[in-house]
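Only one chain comes next, encoded as structure tokens, the form predicted on its own.
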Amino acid sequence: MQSTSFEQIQERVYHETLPNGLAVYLLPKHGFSKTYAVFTTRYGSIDSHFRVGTQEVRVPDGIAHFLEHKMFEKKDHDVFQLFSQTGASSNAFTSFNRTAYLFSSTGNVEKNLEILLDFVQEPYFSEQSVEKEKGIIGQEIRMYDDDPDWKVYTNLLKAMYQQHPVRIEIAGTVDSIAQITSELLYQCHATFYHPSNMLLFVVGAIDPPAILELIRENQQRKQFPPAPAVERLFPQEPAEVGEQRIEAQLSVGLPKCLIGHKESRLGLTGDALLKQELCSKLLLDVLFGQGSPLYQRLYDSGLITETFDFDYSAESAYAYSVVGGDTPDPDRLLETIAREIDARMAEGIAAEEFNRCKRKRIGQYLRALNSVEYIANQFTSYKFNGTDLFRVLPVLEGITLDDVNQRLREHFRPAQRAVSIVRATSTGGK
């Protein structure tokens, strides 16, 4: 077992790659009573077209999310019941890039880890249960179709991306999940749930040597075939957005408006990708944060509400920023923000506001490290991108005013901009 010390934040991470390829990371947190474990595969909703060896495979949209649902149901028991018997809280989620299974508990950590490892690595699917699940997930899809916040966000992705599967909703569609079979689920599990494609992270009240020994013994009891050679296949994505504006109507009190900028600087990994992410979030905070002059003007004029927010999502193959929220006048909000961006691109960011926002983000990061949930969920994401959660502070400290002004000029190009609006239905409701 190796360990890496991060002296600046006084953390030590223990890690080992097991003979079957599973990457294990352990972070003891002294004084904590809760333990949080996340078992993650590098497999998300965008992985619907791939090559295994010489075989090219296309699977229905939404199958990664469907697989996540089905992993909890076994031949003779339900996994949630096992966790509840040990006093643990368990859950799972599927994103564009990964599927994660997790539990948190204040006791029975060893037993809960065994449950987590076993249920994720021992699939059981029957045609009957798969058909039943189609009805359950179909209802979930229809529910999200009626969710204005989800609709305005997913429509923005559809406007920005023309070909890349990030434009497709994570759960797929009622039609696409109708094509899923137990055979396809087994195929996807065998392809993407091999230990060499997965990462286990445990943080909290743990003894690293004892926990690692438990994980080693668990994995030694199981047989895995050699890791499959998997190549993910993606269509060529044009640099420009597909649509500059997309609108929908749902039952809302105030219209919802999100403005997106599609990233053109792609292909980064490791600390370079981390720096671009942190630079972009710092820039967005300067421009749109609650301490910014623009935010105060928009709020005082009644053009935004407390729902106004911003974010930047960064992956090697795609990235984008989003800003917006509820507004009585989407067109005036869009015009005001576009005018502010133009003015800022001409004037640049001032040193005083840059330094204020940088200090603020460093404080937010250090506070977040008190949360085992934040640490666990962010750790794997950064590892899959070739960097480390605990590299955030030194990279953030190294960002300069020139870096942020360069981001300002390269990110907010009008050709990269799209807007998504959800307005009230003409009858005021559905």
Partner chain sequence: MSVPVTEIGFESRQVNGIGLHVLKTAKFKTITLVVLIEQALSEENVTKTALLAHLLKRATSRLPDSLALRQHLDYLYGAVFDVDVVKKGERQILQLYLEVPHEQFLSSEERLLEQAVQFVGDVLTRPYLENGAFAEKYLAAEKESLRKRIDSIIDDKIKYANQRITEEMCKGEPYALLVYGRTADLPAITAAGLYQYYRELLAHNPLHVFVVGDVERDQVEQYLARHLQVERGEPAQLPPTVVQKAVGEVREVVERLDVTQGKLHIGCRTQISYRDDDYPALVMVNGILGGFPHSKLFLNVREKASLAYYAASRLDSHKGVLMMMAGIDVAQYEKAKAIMLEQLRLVQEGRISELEIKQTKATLANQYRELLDSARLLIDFTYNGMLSGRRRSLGELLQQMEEVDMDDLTRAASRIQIDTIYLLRDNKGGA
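No experiment lies behind these values; they were computed from the predicted model shown. Residue numbers count along the first chain shown, from 1.
Keep in mind that the form predicted together with its partner chain is not shown, yet the notes after this line are about it.
Only one of 261 to 269, 119 to 127, 235 to 243, 132 to 140 places residue heavy atoms within 4.5 angstroms of its partner chain in the model of the complex, namely 132 to 140. Of the heavy atoms in Gln10, some are within 4.5 Å of its partner chain in the model of the complex.
Proximity of Phe80 to its partner chain in the model of the complex falls within the 4.5 Å heavy atom cutoff. Within 4.5 Å of any heavy atom of its partner chain in the model of the complex lies no heavy atom of Lys281.
Residue contact check for Gly53: none of its heavy atoms lie within 4.5 Å of its partner chain in the model of the complex.
Site residues Gln179, Glu335 and Gly348 are none of them in contact with its partner chain in the model of the complex, judged by any heavy atom within 4.5 Å.
Note on the partner interface in the model of the complex: the residue among Val395, Leu401, Ile362, Val57 having a heavy atom within 4.5 angstroms of its partner chain is Ile362.
Residue-level contacts in the model of the complex: of Pro148, Gly172, Pro330, Pro195, one residue has a heavy atom within 4.5 Å of its partner chain, and it is Pro148. Residues of 376 to 391 include none with a non-hydrogen atom no more than 4.5 angstroms from its partner chain in the model of the complex.
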